[in-house]
Each structure stands twice: as C-alpha cells, then as structure tokens.
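Have a look below at one chain only, the form predicted on its own, in structure tokens format.
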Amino acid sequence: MIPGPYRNIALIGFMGSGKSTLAGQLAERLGWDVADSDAEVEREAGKPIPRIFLEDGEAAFRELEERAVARLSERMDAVIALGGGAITSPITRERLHDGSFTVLLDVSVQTAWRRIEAEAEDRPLAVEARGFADLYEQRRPLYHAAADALVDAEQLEGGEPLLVPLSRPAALSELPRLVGARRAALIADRAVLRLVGAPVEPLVTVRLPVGEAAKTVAVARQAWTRLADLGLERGDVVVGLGGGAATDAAGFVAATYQRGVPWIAAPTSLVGMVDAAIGGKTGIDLPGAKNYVGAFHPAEWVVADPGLLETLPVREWACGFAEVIKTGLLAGGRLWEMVQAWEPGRGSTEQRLELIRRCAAYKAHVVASDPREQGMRAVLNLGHSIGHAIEAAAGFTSIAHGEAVAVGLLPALWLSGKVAGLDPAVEGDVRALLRMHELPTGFAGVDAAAVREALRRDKKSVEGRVRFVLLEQVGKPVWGVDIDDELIDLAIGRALAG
C-alpha cells in the first residue's frame, strides 16, 4: 500500500480518533510491526502516563514522548500510533516529514469526547468537555500541516479496517522521490507541460491533446508505440500529468501497455485532484460514448499539488467545484459544512489543502469498499446520470463535464425529494450554491429526446434502464433506485429548463 521512499506509516490525530486500534488492524493487513508512542513512553518511564503528568509534569512527558517518537520513526515496515499531542513538537513533525507516511485520523470534537468521556479521568488533558474542545482547536492546524493523507475516522465506527487514501497533496517536486530508481515515461497534457515543465526526468514524453481529445484510440496507440519504441518495461513507471482527461488517458495507457505497468497520477485541475485521478478507473471514449473503453488500474500515488490551482482558469475551478459539491452532499459532516461556507474563488492555501484531502478521503473510502464498482461505489455517480446524458447529447463540446454534473445534481435532488424523502430545501440550497460559484443550473442547448436516448445508452444501464443515485438526507445516499419513466422525463425537463 505504501511503496517507495517511506520507512513506515505514522497515525496521528486527537484523543479518541482510534489510532491505537487501527494501527493494529493496519499492521495485520500489511504484515508489519505495530508500535505505540504512549506505550513506549510508559516503558521508558516505568509508570503510566497519568503518573508522569502528576509526578513530573507535562514538560517531562513531552521530552520522553519526543525521544520515543525519534526511536520509533526510524523503524522500517511498522505502523506507529502517536499520542494526540506528539505533533506539538516541531522536531517530531520534522522527523515524520523526513521518512514516515503520516496519516491523520480525523474526527469531530463531539465524537472524540463521546469516545473517551468514560475514561476521561485517566487522560490528564481531558478533564472536562470545554477544555477538551479548546485543545482540539489548538491542535487541529498542526495535524493538517503534518499529515500526508487524511482518513475520516467517523466512518470507521462500523469496525472497518483503516483504508489509507490514495491521494497525497504534495508538491510536484516530490515526484522524483516517488519514482525512485525506476525509469519514468511522462504522459502529459501538452498545455500543462508548457506551463509547469517536466516534473520528472522522462525516458519518453508523450504530449496529449487538451481535454477529451486525449481520450481516443488513436492517441492511446501513439502512446503505446512510443513506449515500446523506447523500451519501457514492466518495472518502470508511467507518470500522468494534467487534468482529469489526461490522467484518464495516461492511466488507460499504463493499464494496457504490456498488460499493465505501474503509474503515478499528477492531476493539475481541481476535478482531477478531488475525483477523476482517484480510484483506479481509467478510460478513453468512443464516438458519442464517454469512457466506454477502460480498465480498473489504480495509481500507486495521486500527487495533488494545490499550488497548481492558482493558475487554473476560473471556469475550470468552477467545474471542479461541482464535483466538490457532489462529494459534500454524499459525505455530509465537516466536508458539507466547508462546501456551504466556501466563498466564491479558490480560498486560502490551507483551505484548499483541507478541501482536497477531505474529498480524496471520502472517495478513497468508497472505492476501497467497492473497488470494481459492484455496489456502494455507485454513489459517486450522484448527479452524473442525467448530467452525462446531457453531455453526450451535446456531443461533448458545448458543456464542460463539471458543468454537466452541476446541471445533473438538481434533478437528482428533485428526484430524491420525490422518491427518497430528502428535504426539498436541499435542492434550493444547492441551486443557490451553484449560482454563487458561477455554475449552470440548467442547459437548454439539447433536445429532451436526445438526452433520454443518451440515458438509455449509459454504460451503467441494465436492460436499457439507468438506476439512480439519490439522497435520503445529506450524508446518506442510496443507489440502484429504479425511477418511473414519467418522473425521469419530468426531471430531464427540469434540467433543460434550469
């Protein structure tokens, strides 16, 4: 799960996030050792942590903790659970950055308190709820600054093992570190390549056309031929650089060349960072049919550099934000709160980083639960059924993918109110969000009959019928819902009317 240059996995997070329990589960899955910094401190001190605090003070405890983490961070093939306050040490944060893949188990303060309340008297810094909440807010920025990836620990209450997200927000300059000693073939959007240059020393560079034009059999054949001519082998690696179309195409080439070579995705658009590059679905288009030819071939890494979004055109940012809104509706919780509060524009670097991580964590959780789209993964198609049909009916030219998703969300929410009991106010809230972020709420450029025919030909249809993803409430999707034809026609009409 963690290839390349990292010695170990370190789990960080607040009290009650479940680090110790999940470290054991993950170590068992990987066949690695497990370690706990609190246990290491107690072993060295010869007494439990509450007594260290009582007899020696917090400063003495932190000194012991810093030394314990220093020892543990040098271990190879180990999963290490760190105490909740370990990241308050700048030295510890530097050590984690130097060789550990650091995963934040993110949990709300309410859930954390509920989990530890019964044993609060045994935790020196959890005396009462108000102070507990203040400490949580003090540490939250440190956790996010130290983390390489985020896992929503709220979703782990059902006993599922820890699933490390595939997306690692990081600078493109880290790509050579992830490639290591392997030869790299760079498959890149030619426009992006002109802007950022080659982030790795390639054996060969394949320059892709911009957008959906990259996702054709002819382009894939050109790439296969270039890789073969230069002697790319299965032990080498493909790096896909660009927006969602570019990483779709690069991943498909990697999946099919020599029956599959490793690849790393480096998305440069918001839609790529939060959705398209995550999850292992790669593909190219057929005439009038998007992603009809493809393969499940997960990237080793998805390296999302939030700094690249500074140069993203306004329309492209908005298109990505449509997928963010979709993910927020599915995930609920903190992510939906962020989406609702997001002001028009790109936000601060810190806000973008958290937004990307939370979207990536949700999608990675869903994908890991259903990697080959046999069940739950269908929820990721919220808004996509009618949205894709509109996109196809328009010939993939006059409406961008993200805009089509935005348009498709509203009929999906309207159907959710009619069929699944969703509060109708959610549709109105999302309509206002879309308008605020300069996204369309309807598209009148196609005929309803053409949309209906495109819906029938959707690759996820069964006997010519698409099953819809709906919401019972924000954060509670249902999938596989068969909708009456009359309601579908009404929903399409609403999408085309706006």
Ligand SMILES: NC(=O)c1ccc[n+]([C@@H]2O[C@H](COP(=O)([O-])OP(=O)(O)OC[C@H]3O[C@@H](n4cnc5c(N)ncnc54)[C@H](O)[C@@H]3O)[C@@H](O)[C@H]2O)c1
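Start at 1 with the first residue shown and count on from there. These numbers come from a predicted model, not from an experiment.
Below, we turn to the form predicted in complex with the named molecule, even though it does not appear here.
*Asks:* Looking in the model of the complex, any heavy atom of Lys281 within 4.5 Å of the named molecule?
*Replies:* Residue-level check for Lys281: yes, a contact with the named molecule.
*Asks:* I'd like to know whether Ser100 contacts the named molecule in the model of the complex, with contact meaning heavy atoms within 4.5 angstroms.
*Replies:* Answer no; every heavy atom of Ser100 is more than 4.5 Å from the named molecule in the model of the complex.
*Asks:* Contact between Ala361 and the named molecule in the model of the complex at 4.5 Å, heavy atoms?
*Replies:* Ala361: no, not in contact with the named molecule in the model of the complex.
*Asks:* Whether Pro287 contacts the named molecule in the model of the complex should be assessed with a 4.5 Å heavy atom distance threshold; does it?
*Replies:* No, no contact at 4.5 Å.
*Asks:* Heavy atoms within 4.5 Å of the named molecule in the model of the complex: which stretch among 107 to 115, 82 to 90, 238 to 246, 177 to 185?
*Replies:* It is the stretch 238 to 246.
*Asks:* Only one of Leu142, Leu312, Leu135, Val426 has a non-hydrogen atom within 4.5 angstroms of the named molecule in the model of the complex; which is it?
*Replies:* The residue from Leu142, Leu312, Leu135, Val426 that makes the contact is Leu312.
*Asks:* Since exactly one of Val366, Val192, Ala255, Ile399 fits, which has a heavy atom within 4.5 Å of the named molecule in the model of the complex?
*Replies:* When the named molecule is considered in the model of the complex, the option within 4.5 Å is Val192.
*Asks:* Within 202 to 229, which residues come within 4.5 Å of the named molecule in the model of the complex, counting heavy atoms only?
*Replies:* If the 4.5 Å heavy-atom criterion is applied to the named molecule in the model of the complex, 202 to 229 yields Val210, Gly211, Glu212, Lys215.
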